[in-house]
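Next up: the same protein chain in two forms, each one alone, written as structure tokens (structure 1, then structure 2).
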Structure 1
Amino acid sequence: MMRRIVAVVLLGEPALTDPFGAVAAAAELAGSGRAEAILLARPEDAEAAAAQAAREGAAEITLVTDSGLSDPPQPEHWLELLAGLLAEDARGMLLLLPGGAVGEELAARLTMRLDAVPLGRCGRIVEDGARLIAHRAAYGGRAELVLETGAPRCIATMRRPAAPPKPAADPVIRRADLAIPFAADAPRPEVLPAAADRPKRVDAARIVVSGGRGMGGPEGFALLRELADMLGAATGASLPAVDAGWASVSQQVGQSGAFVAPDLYLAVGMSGTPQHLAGIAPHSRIAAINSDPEADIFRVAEVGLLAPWQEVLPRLIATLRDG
């Protein structure tokens, strides 16, 4: 059975920091085959989105446009668009959605609509003939769960792979102009401004100030939050810091946490394990503060400061406060 490998790109959702990441993952999985991409966008955004999908490795691109998309688009609308496009396709298919809460919610709902097998948040998927072997992190990244299935339809979420994508030459581009009617009295979510004291979402921030096991306790995270507030940043954390109760699960960055793609990622007291670095986009610039000269974080940081955070953070906060 020839299985289609199809990535979905959701445009217009501010919480998606890397909407094309699933396309790069699909292209890597397809190898010498043809990765497909389905782009959900407004008509005015379609051409630029198709060009970006081709740069990410999509050899076949379907532009699904609907001028009725709200701002931001609602998951119900995306669900109807995708279900309407794929419901009649009886071929074998692996559908990839972007990692994160938005993609995972839509994947779960599409699983029911398309009668597909859910693979969840995958770090790696391998084709073995007609079967798929999916690898997922389990128990907070301490173990790996391997799923094997021969089901014709499977759905997973995947983040951008570490290897840069190979652009597709002369991609085939199709259009599917759809208009999904919604009842006038259908309930719509009410968008409310965030409370002033509510922490910024770590997966949508342009700057992330993150702490690890080396912070030693909650006192260090209090300084991190103060610094983050001054920079307009979000506060992140490693798995050990979350396990210790110094930060919330919503702040966890890494393979078993949130995927972030900030312009600047400041890692404080962090060793830099591969599991943690897997949650940081390749294009993010990393700066590190650590007192251990052998810390792996210095291997990937563009700027590194070898010093105890107890000396650096108060002085950095004071400098920013004084202007």
Structure 2
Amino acid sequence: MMRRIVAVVLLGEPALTDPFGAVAAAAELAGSGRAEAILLARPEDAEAAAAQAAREGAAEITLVTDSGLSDPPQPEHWLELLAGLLAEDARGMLLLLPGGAVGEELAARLTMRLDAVPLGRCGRIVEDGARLIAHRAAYGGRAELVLETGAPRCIATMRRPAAPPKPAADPVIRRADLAIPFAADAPRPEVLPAAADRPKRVDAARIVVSGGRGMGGPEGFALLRELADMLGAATGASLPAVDAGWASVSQQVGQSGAFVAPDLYLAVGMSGTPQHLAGIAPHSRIAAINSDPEADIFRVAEVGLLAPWQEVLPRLIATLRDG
């Protein structure tokens, strides 16, 4: 018996920029006609989402609505819904959640509720009969770990694959309207009012201007922000730049930060470590400004300017301002 390959779509989750990415990944993994999608949504959002899931390759779609979902929904509520929906289902399955903080937390917690095996953030999963072979990055993206399991229930997170999905022609659509009691004592976050100077969201931007340890201080970052504004870009940062306080944690790009997929990533004063590059989509173009000709960032960039940023950024801003 082949296991079910099921992707989860969390509609209305504000932290997700590609809510259907896992559906495309499931469709690629399962081959045509076999991928399933479970869509969790408030009733008013459901129908359009079913059509989208079919375009992403889901052949069987379960539309689960719960009018008790708040706007935005609480992660605890997603967890209760999924656990309630899947707990009684004894079939073998591989459940795929979307990449990013929310999907990863849900995947990990759900495994304990469903007595499943967590496979983590997988780059590739292959079926070998009833077994699964999962490929994952380890040691900061410098090594690959290949795991094997025969566990009937496995949960992983996957991002959208490079190849565009093949739409499902005639999807089977089921509907379930649930009212899962959401524990009243579950802690609800208090949402802080957004600061006026809150940085533009880096994971949704078409251009990202990013700074690293080589910026040396907040002055350089002020120039990066000025440049970003001129380009309609968001400002990103490496981990050391965040540790130094030149940028906020929300701007950290990398293995342990935001995953960005811009058209252009301008990397200034950063060396191009695997931990950082893991947060930049493979298709994004990279341009780099760095004073070290040996910097690894030049191995992955399309265009490089070899000079200290102090000599480049003020002139670049002036040139762009002039036309």
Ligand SMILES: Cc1cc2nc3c(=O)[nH]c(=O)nc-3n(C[C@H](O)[C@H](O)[C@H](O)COP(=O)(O)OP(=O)(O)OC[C@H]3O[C@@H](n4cnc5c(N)ncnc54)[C@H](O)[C@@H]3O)c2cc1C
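Each form is matched to the other, and the largest set of C-alpha atoms that superpose within 1.5 Å is called the rigid core. Model, not experiment: these values are computed from the prediction. Residue numbering: structure 1 sequence, from 1.
- Only structure 1 comes from the form predicted on its own.
- Core-superposed comparison between structures 1 and 2: the Cα of Thr111 travels less than 2 Å.
- Taking the rigid core as fixed, one finds a CA shift for Gly217 of 2 Å or more between structures 1 and 2.
- Annotation for Ile289: C-alpha shift of 2 angstroms or more between structures 1 and 2, rigid core superposed.
- On core superposition, Leu306 has its C-alpha offset by 10.4 angstrom between structures 1 and 2.
- The two forms line up on their rigid core, and Ala228 then has its Cα shifted by 3.7 Å between structures 1 and 2.
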